[in-house]
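The structure tokens that follow cover one protein chain in two forms, given apart as structure 1 and structure 2.
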Structure 1
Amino acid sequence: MSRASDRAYDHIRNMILSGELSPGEQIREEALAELCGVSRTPVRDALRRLEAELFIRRNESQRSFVADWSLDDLEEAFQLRAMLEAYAARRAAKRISWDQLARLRSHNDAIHHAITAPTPDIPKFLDHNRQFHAIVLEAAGSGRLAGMLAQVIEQPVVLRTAKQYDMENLKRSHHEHDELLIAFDNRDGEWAAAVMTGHIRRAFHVYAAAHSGDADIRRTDEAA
């Protein structure tokens, strides 16, 4: 791929993840080429990559749209994530270093500070939560697993995590990280896997409720 294609890919992907391009919105190559500062050819290359990664879908007339996930799609993504991250936690429990444990504690402390601020700092929560999970994957020591998880975790619907979290769920997330750390301290892979499975399943149910609410809103808007 050319640098222009890579630049277009990064730009369009970030627009999807940020919500600037909404689920179901049609992709217009000319407008994107202008926004990315490239010709239409690199944009087409970028769109093919994004389609392969399930960020974009094409209809029968070959028009491109931002992928709009159904509840079944959503559940499948979380089931895959739960299986893979549980396996990562199980591996990590046997391999994690003292330095990695210290880094996990540091990020979870930062999460605690973010969610207990007078106004919860959601971007800070998301950043340290991402780094916490990245260290668990690093400790698992499997490049193949890292590649598989990247395709699941980086889906737009999964990256909207804390936007749907209320204070109770933010606190639960932090406490689940605490329990995971205890499992790692004890080098207990089965415990770590069970905690991680519950952690991801809880996130799914938060998203499922939000997804159903969004669908109800869309139906109301369409009927109005």
Structure 2
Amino acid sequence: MSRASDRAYDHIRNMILSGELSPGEQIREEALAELCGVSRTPVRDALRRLEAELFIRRNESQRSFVADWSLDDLEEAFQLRAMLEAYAARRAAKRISWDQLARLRSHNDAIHHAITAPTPDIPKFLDHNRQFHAIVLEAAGSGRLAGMLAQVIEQPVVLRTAKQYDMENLKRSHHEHDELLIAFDNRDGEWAAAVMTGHIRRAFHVYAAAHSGDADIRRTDEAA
């Protein structure tokens, strides 16, 4: 899309992801226009896009708010994601090219290096992990599916969860990718789907455990 409306989109999206705009906070077109250095017109464009991607919700009288996600919303997103990514893996197993397989291997190797380094490089892990899943989606060859997955993956809350991984889970993640590659090698869609389902569901429970830990700490603080 065009320059100004792209800038507005990126700017607002980053403000949401960074927490500069808080969940539930009302946002006004004119204020955003000033922050982005453009007029309201491209801001409105950007807001429409962000609304479609569920970063923003609008109330009955068209006022915009930063979306806030409940725990139920989060579990729902993970369930949908598990289902959709499993479906993607099933399709990918039948369609993946040699080149795509090689790229998957390359990214998973990079993940291995990132997490076995003396100081684990989490941003590098996240980046290669993202690209790994993007290639599976590319191999699935369904634009509609890709669009739907974007909706459940690119959510603020889901994005933040990746940082909850500890070393044990980073290794497990790498291993699951490896198993997925073997399933792909054997063109076994059901196996690939099963591996992917477990992969995503474990990610959810990692987050859920981390979150309940937070709750415990909070309760402890209150008790102290």
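On a predicted model such as this, the values are computed, not experimentally measured, just so you know. Residue numbering: sequential along structure 1, first residue numbered 1. Definition used throughout: the rigid core is the maximal C-alpha set that superposes within 1.5 Å between two forms.
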Subject >> Which of the two shown is the form predicted alone >> reply: 1
Original post:
Seen as two rigid parts moving between structures 1 and 2, does the chain keep residue 35 and residue 93 in one part?
Top reply: no
**OP:** Measure from C-alpha superpositions the angle of the smaller rigid part's turn against the larger one between structures 1 and 2 and state it in degrees.
**Re:** 24
Subject >> Rigid core superposed, the C-alpha shift at residue 23 between structures 1 and 2 in Å >> reply: 4.4
**OP:** Give me the C-alpha shift of residue 53 between structures 1 and 2, core superposed, in Å.
**Re:** 3.1
